[in-house]
Structure formats: structure tokens, C-alpha cells
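Just one chain is shown here, as C-alpha cells, and it is the form predicted on its own.
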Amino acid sequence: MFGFHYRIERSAMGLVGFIIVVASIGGLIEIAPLFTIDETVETAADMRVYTPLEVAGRNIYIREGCYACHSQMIRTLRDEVDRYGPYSLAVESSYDHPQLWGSKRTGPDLARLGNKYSDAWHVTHLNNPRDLVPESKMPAYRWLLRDALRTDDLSDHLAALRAVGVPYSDEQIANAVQDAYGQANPDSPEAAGTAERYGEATNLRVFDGLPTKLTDMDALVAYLQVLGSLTDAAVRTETAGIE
């Protein structure tokens, strides 16, 4: 074995060729499954897209590094399913760019967080986690409640997502700003348009408790409250498995 290794090292071209062969084997092992992706990724007719406000909240989630401590992928392990709910399916992340599965769990997995707690709970927790969980190591994000949400670029964000496969319509892209405001202000004229374009399942409420101002907190809480509820595919899969 070592003799072969020594002989390869004496030839620069031979060593380069051997490295290419070995690297190609690893590459093929990673790439080959992609050719069968249509057979391995589930489909879900009820799959919904993120609203503009939820897209903004997801961007804030990434900006603040929340993915570094929280995964969004429940594995098939019994203890994870018992704690968090049905294991994650690939289809649930089909509109996520980038995907935020992760494996670091300094904090709990968030794949099924949607509507598990009230909006007020999330606002309090994000403002100062230790007000609710004294032993929490999570930093406080007090500026989220203070900072006004930037909305002028939401149409561009939706257009970019459509370019990579998310089925946003021209109408949804054109009305992104109004729909973001309408989702966080259910008594406003814009709210009806938001519900019409994104469906009755859309969460329409004052997420941060401040109806006069659209904040980063509105967006982040709106995003957290939809995690795991864009489709019922995982619940149907679990039910089918039990039956």
C-alpha cells in the first residue's frame, strides 16, 4: 500500500491524476442523487408562499444570525418527534432560499414553532428572553420593536424569489408593500387585499402590539408564526404512518 503511495508521489502528473479521480468519486456521490430529486422530494398541493411581511421577517431572522443557534429540521429520531412534532419533509422547504435546516441547537428547533405561542409571548421573548426563561442564553433584540421595517424593496425580494422558482404572481409582486402593511394591520383597507392574494390561512394581526407602526418585530414575529404551517404535508404523512 505504502509502495503504491510512494510511487504516485514521485510523479507529479500521476499524483494530480489520482487526486482528480478520488475527488470525482466524492463529487459523483454528492451529485448523483440530484438526478432523482423529482422522485425523492414530496409534492404538496396546499403549499403556500411566504407573504411579503414573512419574507421580510425571514430576512431579519438571517440578518440577526438566528440560524446559528436554531435549526429548522426535525429529524426522524423518536425523541425529536416527541418533542417537536412530525419530522420535517423536503417539500416544506421548497420555497426557502436559502434553506435553514442547520444542525446547531443551542436553542430549540423551530420547524414547528408557528402559532405555538402568542404574538405577545414572542415580542416579550425577543425583547428580553430572560423575562420568560430566566436561564436563557439568547441575546435580547430590543431594537426590533424600535426600528421601522424597510418595505420599499419588498417587491424586488419577491421578484428575486420568483426567479429561483417561487410562484409569486405579478400582482403579488406589485402589491408587496401594501400587503406587508395590511397583514400587520387587519383593520386597514390593505388587509383585504393581503387575504385575497395569499389566502384565508394568512395570519392577519398586529404582531408587535403597535398598530400605528410597522416594525422589524412585526416582520420577525409574522415569520416565526408561520413556521411549519405552509403545508399540512408532514401531518398527513404522520397520520398515514399511524394508520
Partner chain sequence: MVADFTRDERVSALIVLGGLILAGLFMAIAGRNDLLGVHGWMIAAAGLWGFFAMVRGFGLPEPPATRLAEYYDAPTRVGLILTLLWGIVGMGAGFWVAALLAWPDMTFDVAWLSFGRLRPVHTSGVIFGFGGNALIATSFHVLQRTTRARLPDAISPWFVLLGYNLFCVIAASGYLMGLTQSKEYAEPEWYADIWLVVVWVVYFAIYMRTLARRKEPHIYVANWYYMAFILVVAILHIVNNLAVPVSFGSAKSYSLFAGVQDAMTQWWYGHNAVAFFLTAGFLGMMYYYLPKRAGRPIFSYRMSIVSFWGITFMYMWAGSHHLHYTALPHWVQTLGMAFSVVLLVPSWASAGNALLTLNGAWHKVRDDAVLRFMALAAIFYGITTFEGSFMAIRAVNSLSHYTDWTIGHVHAGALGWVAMITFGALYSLVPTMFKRERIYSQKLVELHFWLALTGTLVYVFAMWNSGVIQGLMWRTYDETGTLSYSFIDSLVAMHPYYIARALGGLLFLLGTLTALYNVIMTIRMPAIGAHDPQGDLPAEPALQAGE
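Numbering follows the first chain given and starts at 1. Quantities reported herein were computed from a predicted structural model and do not represent experimental measurements. The term rigid core refers to the maximal set of C-alpha atoms that superpose within 1.5 Å between the two forms.
Although not depicted, the form predicted together with its partner chain is the subject of the following passage.
- In summary, the region of this chain contacting its partner chain in the predicted complex, judged by heavy atoms within 4.5 Å and restricted to 186-194, 171-179, 202-210, 38-46, corresponds to 38-46.
- Contact check for Leu214: no non-hydrogen atom falls within 4.5 Å of its partner chain in the predicted complex.
- Looking at Gly102, you'd find a heavy atom of it within 4.5 angstroms of its partner chain in the predicted complex.
- Within 4.5 Å of some heavy atom of its partner chain in the predicted complex lies at least one heavy atom of Leu15.
- At a distance threshold of 4.5 angstroms between non-hydrogen atoms, Thr151 is out of contact with its partner chain in the predicted complex.
- Contacts between 39-71 and its partner chain, taken as any heavy atom within 4.5 Å in the predicted complex, involve Thr40, Val41, Val55, Asn59, Ile62, Arg63, Glu64, Gly65, Tyr67, Ala68, Cys69, Ser71.
- With the core held fixed between this form and the one not shown, Gly27 has its Cα displaced by at least 2 Å.
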